[in-house]
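A lone chain, given as structure tokens: the form predicted on its own.
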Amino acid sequence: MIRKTNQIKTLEELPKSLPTVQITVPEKVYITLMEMRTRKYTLSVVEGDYVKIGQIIGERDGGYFTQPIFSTVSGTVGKVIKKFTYTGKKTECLEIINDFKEEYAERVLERTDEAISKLSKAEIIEIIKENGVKGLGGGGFPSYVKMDTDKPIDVIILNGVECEPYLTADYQAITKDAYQMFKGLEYVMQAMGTKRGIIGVKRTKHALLKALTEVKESDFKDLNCDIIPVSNYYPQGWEIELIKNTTGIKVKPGTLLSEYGIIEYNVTTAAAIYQAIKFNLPVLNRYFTVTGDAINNPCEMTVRVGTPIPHIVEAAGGYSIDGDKVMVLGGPMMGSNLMMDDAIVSITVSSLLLFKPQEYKEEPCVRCGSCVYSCPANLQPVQLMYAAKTKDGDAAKALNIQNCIECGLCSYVCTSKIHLTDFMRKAKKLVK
């Protein structure tokens, strides 16, 4: 089988530091109506309605939780249209036609520091829930659910490890929004009655460690928070790895972190919690990376949630090649390939990778064991591949497919170029 893919070695050929470019808010945004953990939605607006920034326009239903849906621009509600999203599939999105007035909804308000200091745990959780804050590291798990526990929480951990190649969005966020991250951490610690915070960052990211240390020493001297450098390897950003390397606690896959007295958030999620509590704002913008050898100007930018990919490509100077190209929303290891650029930026997306296609031939498995040795979850990818091929859900379950984090290492190290991660996803669906 012949496949077209990107080659990670091209990282060495790309600029080490990407320039920042300004991007306008597009004429239309498309707000995802269903996301990875939701299956139903209801809208509270109809075509032709006028909406404002931060206005609730509907609700997603995840069974045991709900998520409000927000407009990220002011303007007129359009049609429900299917667009490609981070899933790699077309998803229903609500079109909103921007009037460029940037009018904010009446619900958006600033709370005083005094008022925030008096908020109870239940009130802070409700504010986070009402503003739809979720895991911005890619997981998309509702942030309020992690806090809604009776278990005593000993430590709040912020994950600043951006471990996939090419990605720089969290790097941008830490250098620009470190104050907001500390405040978000402070609010969560206040709510949970937690006495210790941790921020984990790669020890090779000297600028980030410096930025965090300076903000800590100038504005948060009384906050008991350790900034801990961690090793530079993949998948260091996996919460189980980060927890082990910052606290020494070994978390069993599949168990709730609250059982260990831990809550873990991405650093950008902490900043979003600050925005929600201080200003009653949902996530409106994402720091965004556009890079690869098929784009003219690899760069960083700040993108409004719902922005179409062609608008981003234009801001980055357009494609450097005609015809086929490899397009990935997300990182090269865990992102989703796009069939075309009719896609949009949703709340959990922070990068677009564009590469010239490289052909390779997929060979039969030679049972070399590379995927087994490399799996951070200690799984048997080859056996799981056979379970997926034979549609044996019982075998997949017995092989603990539920512990797979879809990190992509099995595909990356495979000497036969088999896309094992695809089979892991298929095996997961058999169990579900």
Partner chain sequence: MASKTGFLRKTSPYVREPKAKVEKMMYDVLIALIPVIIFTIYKYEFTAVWIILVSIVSMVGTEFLYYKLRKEPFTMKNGTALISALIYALIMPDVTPLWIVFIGGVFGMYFGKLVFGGMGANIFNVAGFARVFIVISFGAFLVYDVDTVAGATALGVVKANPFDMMILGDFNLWNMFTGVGEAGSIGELSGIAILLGGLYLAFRKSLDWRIPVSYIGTVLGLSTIAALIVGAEMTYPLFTILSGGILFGAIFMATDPITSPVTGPGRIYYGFGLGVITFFIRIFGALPEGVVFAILIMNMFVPALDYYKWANSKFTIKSTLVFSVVVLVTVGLLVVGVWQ
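Nothing here was measured: the structure is a model prediction, and the numbers come from that model. Positions refer to the first chain, counted from 1. Heads up, when I say rigid core I mean the largest set of C-alphas that superpose within 1.5 Å between the two forms.
This next part talks about the form predicted together with its partner chain, which is not shown.
To verify the annotation, which of these, 120, 358, 255, 204, has a non-hydrogen atom within 4.5 Å of its partner chain in the predicted complex?
When its partner chain is considered in the predicted complex, the option within 4.5 Å is 358.
Sort through 335, 75, 200, 135 and report the residue having a heavy atom within 4.5 Å of its partner chain in the predicted complex.
Contact with its partner chain in the predicted complex is made by 335 alone.
Within 4.5 Å of its partner chain in the predicted complex, do 130, 152 and 278 each have at least one heavy atom?
Looking in the predicted complex, the three residues 130, 152 and 278 all stay beyond 4.5 Å of its partner chain (heavy atoms).
Taking any heavy atom pair closer than or equal to 4.5 Å as contact, tell me whether residue 425 reaches its partner chain in the predicted complex.
Yes, residue 425 lies within 4.5 Å of its partner chain in the predicted complex.
Taking its partner chain as it sits in the predicted complex, is residue 248 near enough to touch it, meaning that at least one heavy atom pair lies within 4.5 angstroms?
Residue 248 lies outside the contact set for its partner chain.
Answer yes if any heavy atom of residue 40 is within 4.5 Å of a heavy atom of its partner chain in the predicted complex; otherwise answer no.
Contact with its partner chain, no.
Would residue 318 sit within 4.5 Å of its partner chain in the predicted complex, counting heavy atoms only?
Taking the distances in the predicted complex, the answer for residue 318 is yes, it comes within 4.5 Å of its partner chain.
If contact means a heavy atom within 4.5 Å, which one of 105 to 113, 135 to 143, 339 to 347, 90 to 98 is the stretch that engages its partner chain in the predicted complex?
It is 339 to 347 that comes within 4.5 Å of the partner.
Taking only heavy atoms into account, state which residues of 373 to 387 are within 4.5 Å of its partner chain in the predicted complex, ordered by sequence.
Those in contact are 373, 378, 379, 380, 382, 383.
Superposing on the rigid core, I want to see if residue 114 changes position between the shown form and the other one - specifically a Cα shift of 2 Å or more.
Stays below the 2 Å threshold, so no.
Please say whether, between the shown form and the other one, the C-alpha of residue 390 moves by 2 Å or more once the core is aligned.
The answer is yes; the displacement is at least 2 Å.
Relative to the superposed rigid core, does residue 365 relocate between the shown form and the other one - that is, does its Cα move 2 Å or more?
After core superposition, the displacement of the residue 365 C-alpha between the shown form and the other one reaches the 2 Å mark, so yes.
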